[in-house]
Structure formats: C-alpha cells, structure tokens
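Alright, two takes on the same chain below, each alone as structure tokens: structure 1 and structure 2.
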Structure 1
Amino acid sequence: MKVLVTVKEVAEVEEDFELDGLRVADQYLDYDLNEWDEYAVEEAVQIAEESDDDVEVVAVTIGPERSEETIRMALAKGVDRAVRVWDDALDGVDLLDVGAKTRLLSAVVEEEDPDLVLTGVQANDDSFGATGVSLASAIDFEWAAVVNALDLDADGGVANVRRELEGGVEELTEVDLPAVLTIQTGINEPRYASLRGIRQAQSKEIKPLALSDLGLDAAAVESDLVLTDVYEPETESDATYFEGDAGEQAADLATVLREKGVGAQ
C-alpha cells in the first residue's frame, strides 16, 4: 500500500512586519511546515507502522528549493521519500489557486498511484482549505474533509472516519477507498524527529519535478485568481487599554474586575 501526504512549507508573519507590494517583506517571514500537515504526516507514518503489510509513505510538496529543509523534517519523522514540484513558471505567481494546485497534484497522483492521500485541512498562509477535496474530485477518489479520527480497514476497502463538525458534534462516516482525507489538528500527537531519524533523512530522496516531467506546461499553473491588493486590516478595536508597566496594567485591570464583581472576596 502507498500513502501520499501533501505537505506545504508556509510562512508565518512576525509580530511587526512590513509589506512589499503584494507580499509580506521577506525578512518578516519565518518558514515552517504547515501545522495541519504535521498531523497528516504523523497519521501516515502511524498507518505504516501499524500495518502488517508494506506501506510506503511519500510526501509531495509544491515549493521552491528552499522548502527542502522543511520537507526533510517530514522525512526525519518517518516519511520514506518526497517529491517536490517546482518550475520557473511558478516563480512569478503571487497566488496559486486551488485549480492550479489540483492540476499539479493530480499529475503526481497519476505518477505515484497511491491508495490513500492525506492532506491538512488547510494551509496556514492562504487558508483556502480546499486543495484536498478538489484533488479528490479531479482524480476520482472518494474523500472526507476535517477528519479527527481515522480507522483504516484497507482489506475491507473502507476508512472509518470522524469528521469534526461545528459545536462539538462529530459525524461518523464510512469512506470507500481509494480516498483523500483532510486531516484536522489534534487527531494524533505528532512526534519529534529523533537524532537517528534526522540522520537517516539526509540520505532520503527529495525528487524535483518540473512541469514537463509531469507532462504539463505553463498553462497548468495559470491561475484564475489575481491577487490585486494586500494590506493590514484596520483595527476595529474600541477596547480600553491599560498602559504602564506590567504591575500598573495588572492593578488597573484588577480595579475594573473588582468593580464588576469578579474576584471580590
């Protein structure tokens, strides 16, 4: 069996930052593996560890060479190998829309022929939250979004999942395989990479694939969405702020709390 996990290196914006055109200026960005993908990776590795059969776990990312460092962390946690899609045609794209991501990942699925695809619910940078389900539709897999428990019955050809709905309600669903599942945080406890894992990851393969390697051309990454403006939202705050040092701030807040009957002995 083969499990494909989509992973993405995302940028987190520092507390104080400046914009540079349609981007946050580079020096204010910290790159890391997308939070949701950490859980998808862990789930895939656990499936491999718990199965009696041979299970290969392959990570796929769309990202420039810089992202290899981040992807290697997934390899250190037990992913067997990785595929990295990138192309000069992607360099100037401000916003890769869901359709374009779907075209790229579909081509990788065709190549890898996985039985199960795990993605994160969303990526923390552009937060579309749509790639997994869109991909499922394109490759004609069944799917489930926002999965917070997974019990795989590979022989029976189904995945029994829980989908985390709003308001503390969970939906129990039976999903036919092959399937794409979008994984929610909290489904497991992502491990830390061991020293041995980190060492082994150095020799694991991260295969670069250009559009032509996937039988695609520049049209595949043409986005129907054009990013036209990026700005800091104006604060809507009408809060009363307590100023001064921590002691003064705490004293002022305490006064308000007491006035309103909180903590008054």
Structure 2
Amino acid sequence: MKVLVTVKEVAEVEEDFELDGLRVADQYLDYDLNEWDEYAVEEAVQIAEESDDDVEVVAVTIGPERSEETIRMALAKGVDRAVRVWDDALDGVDLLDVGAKTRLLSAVVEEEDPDLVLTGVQANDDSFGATGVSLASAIDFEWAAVVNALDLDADGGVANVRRELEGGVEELTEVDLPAVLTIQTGINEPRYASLRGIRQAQSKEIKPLALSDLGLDAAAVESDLVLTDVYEPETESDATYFEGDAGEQAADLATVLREKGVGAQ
C-alpha cells in the first residue's frame, strides 16, 4: 500500500517587518510546515505503523530548494521519501491558484500511483481549502473532506471516516479506496521529530521534479490569480489601557463609557 501526503512550506511573518514590492522582505520570514499538513503526516505514519502489510509513505510538496529543510521534518517523523516539484516557470508566479496546484499534484499522483492521498484541510498562508477535493475530482478518486477520525478496514480497501459538517454536525461514512481525504486538526497528536529521526532524514530521498519530468509545460502553472497590492492595514483607532487595580480600572472604564453616552437614558 502507498500513502501520498501533500505538504506545504508556509511563511510566518515577524511582528515588525518591511515590504519589498508585492511581498514581505525575506529577512522577516520564518518557514515551517503547514499546521494542517502536520496532522496529515502523522495520520499517514500511524497508518504505516499500525498496518500488518508493507505501507510506503511518500510526501509531495511544491516549492523551491529552500523548502527541503521543511520537508525533511516530515521525513524525520516517519515519512519514507519525498518528491519536490519546482521549475523556473514557477519563479515568476505570485500565487498558485487551486487549478494550477491540482494540475501539478495530479501529475505526481499519476507517477506515484498511491492507494490513499492525504492533504491538510487548508493552508496557513493563503487559507485555500479546496485543493484536496479539486485533486480528487481531477484524478477521479473518491473523497471525504474535513476528516477528524480515520480507520482503514482489514483489507485496506475501505476507509471508515468521521468528518465535520457545518453547524457542529458530524458524519460517519465509508470511502472506497483509492481516495483523497482532507485531514482536520485534532485527528491525532503530531509527534516531535526524534534526534534519531532527524539524523535518518538526512539520508532519505527528496526527488526533485521539473514540469518536463511530469509531462507538463509552463501553461500548467498559469494562474487566474493576480497579486495587485500588498500593504499593512492602518490602525483605525487607539487602544486605551487603564492602570491600577481592578476597582480603579472599572471606575475609569465607567467614566469613559458615560462620556461616550453608553447607558445614558
């Protein structure tokens, strides 16, 4: 059995930063693994650990060489090997839309031929949450979104899942494999990478793939999204902090509210 996990490197912005054109300057960015993808990685590794059969876990990411440092953390947690998709044609793309990501990941699925694809529900940075379902549609796999519990049957042909619906409702359903499941936070407790795992990750394969390796060209990464402006929102009001103990703070707050006519008859 093969489980393919999509992972994404996301940037976290420091509290004080400067803009460089249409992006935050690199020196103010720290990179890490997308939060939802950490849960997808853990779920895939647990499937491999709990199965009596041979299960290979493969991670795939779309990112420059810099992202290998992040994807090695997935390898350190038990992923067997990784695939990194990047091409010069991607350097000039400000934002990859869901369609472009789907085309790239579909080509990887065709090459890897997995039984199960796990993705995070959404990304920390752009908050896109449609890639998993879009991928399932493109490759004609069954799918379930926002999965918060997963159990594979004994022969590995059916996934028994619990998924979140709107309004706090949960659904129990069976999904025939091959399938794509988007994983919700809280489905498990992601492990920390051990020192042994970190050392082993250094020798695990991260296979770079260009568009031509996947049978694609620059048209595959053309995006309908255009980044037109980036700015730091201006503060529209000032915050007032009341000094003193609770009683003094309450008195000061009451004075301000009266001055603003709150509670006036």
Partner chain sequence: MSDVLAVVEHRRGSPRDVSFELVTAGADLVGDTGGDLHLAVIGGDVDAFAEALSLAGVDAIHTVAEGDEFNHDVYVQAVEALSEELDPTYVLMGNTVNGLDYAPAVAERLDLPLVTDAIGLQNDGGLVVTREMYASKVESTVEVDADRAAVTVRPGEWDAAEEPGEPAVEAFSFDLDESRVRSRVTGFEEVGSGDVDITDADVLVSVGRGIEEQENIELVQELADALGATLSSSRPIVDNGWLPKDRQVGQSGKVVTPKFYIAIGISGAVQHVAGMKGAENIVAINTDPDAPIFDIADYGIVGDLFEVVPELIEQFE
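In this text, rigid core is short for the largest set of C-alphas that superpose within 1.5 Å between two forms. Computed from a predicted model, the values in this text were never measured in an experiment. Please note that residue numbering is based on structure 1, beginning with 1 at the start of its sequence.
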* To do: Choose the one of the two that is the form predicted together with the partner chain.
  => 1
* **Rigid-core frame, C-alpha of residue 166, shift of 2 angstroms or more between structure 1 and structure 2** => yes
* Determine, after fitting the two forms on their core, whether residue 233 shows a C-alpha shift of 2 Å or more between structure 1 and structure 2. => yes
* Structure fact -> With the core held fixed, residue 255 moves its Cα between structure 1 and structure 2 by a number of Å equal to 10.4
